[in-house]
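One chain comes next, on its own, written as structure tokens: the form predicted on its own.
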Amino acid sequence: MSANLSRLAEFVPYQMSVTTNAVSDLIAGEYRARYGLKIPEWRVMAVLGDAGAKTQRELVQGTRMDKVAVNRACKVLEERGLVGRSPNACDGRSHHLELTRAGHKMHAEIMPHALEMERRLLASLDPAERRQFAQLLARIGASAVELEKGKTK
């Protein structure tokens, strides 16, 4: 059994998942305690803060979360007055979601904390390693997208 575990521990997708969960848990605790936000809610806010108004479908694509999680997050954010909804002139079935004034204010408060958390997480890497790490993550992400596209053909 330990041989199987050692193989799993060496399996890069597993390592990435475990690392992602550890980082998400760390961040979730901070955002929940300070801002009353769960990770899906913060991800939606982060995308809207960066990119402006988006439909729920675009948020699903931008966050890589399932549509139920995005829908729940949007409802919570709307109820809290952090996100507003307006009709999509291009598609009568969907709406654009965007940060409200209160949402922009909270986003501006959270970003310095998020950047500090990133700094602390990456502190063990020198600047060249951080750049390389970001480049490698981007390449792996692009490969995953390409493989996913190939799967649907």
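Start at 1 with the first residue shown and count on from there. The structure presented is a predicted model; accordingly, all values stated were derived computationally and were not measured.
The protein also exists as the form predicted together with another copy of the chain; that form is not presented, and the subsequent description refers to it.
Participant: So, in the predicted complex, is Arg101 in contact with another copy of the chain at a 4.5 angstroms heavy atom limit?
Facilitator: No, Arg101 is distant from the partner.
Participant: Does any heavy atom of Glu58 come within 4.5 Å of a heavy atom of another copy of the chain in the predicted complex?
Facilitator: Residue-level check for Glu58: no, no contact with another copy of the chain.
Participant: Hey, in the predicted complex, is Gly29 touching another copy of the chain, heavy atoms inside 4.5 Å?
Facilitator: Contact check for Gly29: yes, within 4.5 Å of another copy of the chain in the predicted complex.
Participant: So in the predicted complex, is another copy of the chain close enough to Ala89 to count as touching (4.5 Å, heavy atoms)?
Facilitator: Residue-level check for Ala89: no, no contact with another copy of the chain.
Participant: Who in 103-137 is close to another copy of the chain in the predicted complex, meaning a heavy atom within 4.5 Å?
Facilitator: Met111, Ala114, Leu115, Glu118, Arg120, Leu121, Leu122, Ser124, Leu125, Glu129, Gln132, Phe133, Ala134, Leu136, Leu137 sit within 4.5 Å of the partner.
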